[in-house]
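To begin, one chain is listed below as structure tokens, in the form predicted on its own.
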């Protein structure tokens, strides 16, 4: 085979309206492989936007989004009404699930799109990248093009990963791409795929091209008061309740002007507290204004496969605070020396006091994070790694790479 010149991404939803998560990462990866390497890139996806229902939202058609050909296929069945109850029962002991139960879980979770599966079977792309691992189009589609397939799982230690069906999904992939050391270790331990060609690429961060507007023009009520920021879905499972409780206790013990701002779609409201504000979804300009003027960014989630928001904060030399229960974000903080990881209230309080008391600490941590980003996670670096890897794996006569780095 000659050098790779075309790739297709399969992801359950896609578009500029998708904020955060694996599907946003898929869009960034698709656009940068096209821009940086000149590859022909197409995206095969559904018409869904809402992950709770997978209801049809976009028209079923082929369109261009930022120069990428996007084929949208109608959803035949979204999430079933009994999925939550069935899933809750099954995931208490996921490793014991039968084949029938696993298939019911995949089909009931959705989104089921037969036309998307047909598009996967028809694609002539040299390589088909499936992103992330959990959903129907990936589970059913990867078997159709297994010799051309790369699975980008975005996996972490969560109950669905232990369903036996996913071992066959991971084993069916020709190659694997990981976003972190912690993800690679977890997948190898659960899926038994240490023999697979793999790349630990991570994700890239684009340098901000547009000027960042003063926050006072968008949120005058802040009036220049200091604030912590958390970005992304506001959800108990992502640590929103934990962080709001920690912050409220901190303010009771440490009175002052500090605020906490949540910015992102809300599925679980933070606790009610005078100095906590939840803005809901914010546009890109407001997000960067918030990042530019915050004291630091907090990611309280215990479940992350990469955490793009850490790198967005570091791109502006902002320190970060993460939950030590998340190995991925803790690894980033340790390797970068760009922030702190808390395991309880006492650590959270001490770390926050250090940030507030000494601007030189904030500057040093933020600068360390920026250096870590520039050295490892610009898209130019990631795209080059990916291009080399795909050509090594899918071009005949080349020895296949195994582990991409030390465990």
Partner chain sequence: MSQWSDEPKKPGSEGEHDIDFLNGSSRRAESESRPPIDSETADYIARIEMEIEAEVKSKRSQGAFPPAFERRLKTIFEQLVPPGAGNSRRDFEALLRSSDRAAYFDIDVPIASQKPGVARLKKLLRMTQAWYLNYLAQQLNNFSTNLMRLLYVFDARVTKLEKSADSRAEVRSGGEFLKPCYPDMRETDGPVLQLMGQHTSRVLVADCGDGYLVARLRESGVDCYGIDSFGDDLEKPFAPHLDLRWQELREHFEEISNGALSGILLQGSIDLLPANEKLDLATEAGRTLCPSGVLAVLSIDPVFFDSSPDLAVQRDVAPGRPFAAETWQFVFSRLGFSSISVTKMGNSNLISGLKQGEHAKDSAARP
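Computed from a predicted structure; not experimentally measured. Positions refer to the first chain, counted from 1.
Although it is not shown, the form predicted together with its partner chain is what the next lines describe.
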Within 4.5 Å of its partner chain in the model of the complex by heavy atoms, the stretch out of 211-219, 198-206, 68-76, 283-291 is 198-206
- Task: For the three residues 189, 327 and 335, verify that every one has a non-hydrogen atom within 4.5 Å of its partner chain in the model of the complex; reply yes or no.
- Result: yes
Quick check on residue 275: any heavy atom within 4.5 Å of its partner chain in the model of the complex? no
- Message: Taking any heavy atom pair closer than or equal to 4.5 Å as contact, tell me whether residue 61 reaches its partner chain in the model of the complex.
- Response: no
Can you work out whether residue 54 and its partner chain are in contact in the model of the complex, taking contact to mean some heavy atom pair no more than 4.5 Å apart? no
Is residue 303 close to its partner chain in the model of the complex, meaning a heavy atom pair under 4.5 Å apart or at it?
yes
With the partner omitted here, the residue among 96, 103, 236, 85 that in the model of the complex has a heavy atom within 4.5 Å of its partner chain is 236
If we test each of 323, 109, 307, 123 for a heavy atom within 4.5 Å of its partner chain in the model of the complex, the one that passes is 323
Contacts from 341-377 to its partner chain in the model of the complex (any heavy atom within 4.5 Å), listed N to C, are 342, 343, 344, 345, 346, 347, 349, 350, 351, 353, 354, 358, 360, 361, 364, 365, 368, 371, 372, 375, 376, 377
